[in-house]
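To begin, one chain is listed below as C-alpha cells, in the form predicted on its own.
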C-alpha cells in the first residue's frame, strides 16, 4: 500500500456565524472571525489517495485524473468564493475549516470512483493558517 498526496491551493472568504447561536454567543465563540463582512484565507489542500502500485503503470493513481477531479469539483467552485454567500452547502452550515474539510472529502469521495484492489481517497488535509490545519479521513 502506497500513499500519494497532491497539494493544491485556493483562496476563499467566510464568516464564522451560526444561526443557532445568539449574536453575543457568536461574538464570544468566533471573535474577529464573526466580522459581518467576512475574512479570507489562502488555503492549502492536501489530497491523499492510497492503494497498491499498479503493475502496468508503476503508479498508485493517475495524477492527471486526480488533478482534473480536484480542479473541477473543488478548486473551481471554491477559489475566490465567499463560502457563506456563494456555496449552497454553507447557507445553513457554519463554514468552519473543520466543516469545509469534511465537505471537500465528501465531494472528492463522490467524484473519485473506488474499485476493489485500486487506489481510494484516504485523507483530506486542509491548512487554514500556518498555525492550524484539519484532517479528515471519512
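A quick note: this is a predicted structure, and the numbers were derived from the prediction, not measured. Positions refer to the first chain, counted from 1.
Not on display, but discussed next: the form predicted together with a further copy of the same chain.
- Using a 4.5 Å cutoff between non-hydrogen atoms, residue 9 counts as a contact of a further copy of the same chain in the predicted complex.
- Remark: residue 96 counts among the residues lining a further copy of the same chain in the predicted complex, judged by a heavy atom distance of 4.5 Å or less.
- At the 4.5 Å threshold, heavy atoms of residue 22 stay clear of a further copy of the same chain in the predicted complex, well away from it.
- At least one heavy atom of residue 76 is located within 4.5 Å of a further copy of the same chain in the predicted complex.
- Along 97-136, residues 98, 99, 101, 102, 123, 128, 129, 130, 131, 132, 133, 134, 135, 136 each place a heavy atom within 4.5 Å of a further copy of the same chain in the predicted complex.
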